[in-house]
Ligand SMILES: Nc1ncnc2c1ncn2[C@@H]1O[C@H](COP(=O)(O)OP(=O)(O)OP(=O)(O)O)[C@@H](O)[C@H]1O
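Just the one chain here, laid out as structure tokens, in the form predicted alone.
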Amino acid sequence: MREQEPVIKVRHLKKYFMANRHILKPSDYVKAVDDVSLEIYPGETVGLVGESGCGKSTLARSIIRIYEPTAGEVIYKGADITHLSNAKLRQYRNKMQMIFQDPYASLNPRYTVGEIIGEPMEIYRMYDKAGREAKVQELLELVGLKPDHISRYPHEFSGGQRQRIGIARTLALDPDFIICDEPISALDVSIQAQIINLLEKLQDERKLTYLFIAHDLTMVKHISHKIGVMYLGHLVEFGDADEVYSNPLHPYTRALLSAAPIADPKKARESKRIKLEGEVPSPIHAPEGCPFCTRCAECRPECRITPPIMANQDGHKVACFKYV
């Protein structure tokens, strides 16, 4: 896999939002994503985890230019798309798609299922009307729905069925890179596994590449080949999924994994929960050094001065002075 060109290469990506529109100073910016670099190779799933507000979704939306990056580079299959105009970006948008978190809010209630799935093809002038209708029916069957659902409206479906419709819409333009932005968090537990199995099946059949964002650490480990851990807008650890889970290097990753529920009662009693002191700092007034230094039990003097660089431990990367 390493001999291939990455589908997505992110270099020192930043996304800042203005917190005060009247007085523009460095302290008036919310640093939602701050100097993140990663690579995603063809056919693999990269899982992205971290607590709410750490910048996962902002990073994802900056990669596909829903948000305009403040700085850094996004390279899709060797082409730098960071500063392309909307007209030039159009030729890449059909290959980079997104499955949204809330299947109740992401579907237009005034459109039928056929119109929802067919709209992207109409925008890109794919097929004629009859061809689009046939393609919609094909996609519905592919995601486990019936062809006669084409004339129904979103309110007639359950949450799991709506997410299947959203997945069918995502596949309408034959993308090769899909961002899954917490696609199962709004669904019942009984339905989550079905959606995950569907995504894995589609990946095998269509050679898709995923960036998978989720809170469920067990599910992320199940579906992901690699895992990135984010904290306060920074990527603090990145590596193979099994390696990150069995040998977490960053103190925040260890704390995060210790908080994951364990199904086995005996193992749950034997496990030790790592409790973090204090609160997550404001992204407007983030620490000058390591973003985790205010809550880290292993904090050193140098941690409070400058952010650590990402150290490479045999392919397992971690942003911590302990490994520099």
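Everything numeric in this text was worked out from a predicted model, so none of it was measured. Don't overthink the numbering: it's just position in the shown sequence, from 1.
Unshown form predicted together with the named molecule; subsequent notes refer to it.
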{"item": "Among the candidates E133, D176, E182, D216, the residue which, in the predicted bound form, approaches the named molecule to within 4.5 Å (heavy atoms)", "value": "E182"}
{"item": "Heavy atom within 4.5 Å of the named molecule in the predicted bound form - residue from A32, I63, C290, V36", "value": "A32"}
{"item": "The named molecule in the predicted bound form: contacted by all of L13, Y41 and Y76, heavy atom 4.5 Å", "value": "no"}
{"item": "Exercise: T294 in contact with the named molecule in the predicted bound form, heavy atom 4.5 Å", "value": "no"}
{"item": "Any non-hydrogen atom of G47 within 4.5 angstroms of the named molecule in the predicted bound form", "value": "no"}
{"item": "Contact label in the predicted bound form: P69 to the named molecule, heavy atom within 4.5 Å", "value": "no"}
{"item": "The named molecule contact in the predicted bound form: E51, any heavy atom under 4.5 Å", "value": "yes"}
{"item": "Stretch from 52-60, 295-303, 269-277, 252-260 whose residues place a heavy atom within 4.5 Å of the named molecule in the predicted bound form", "value": "52-60"}
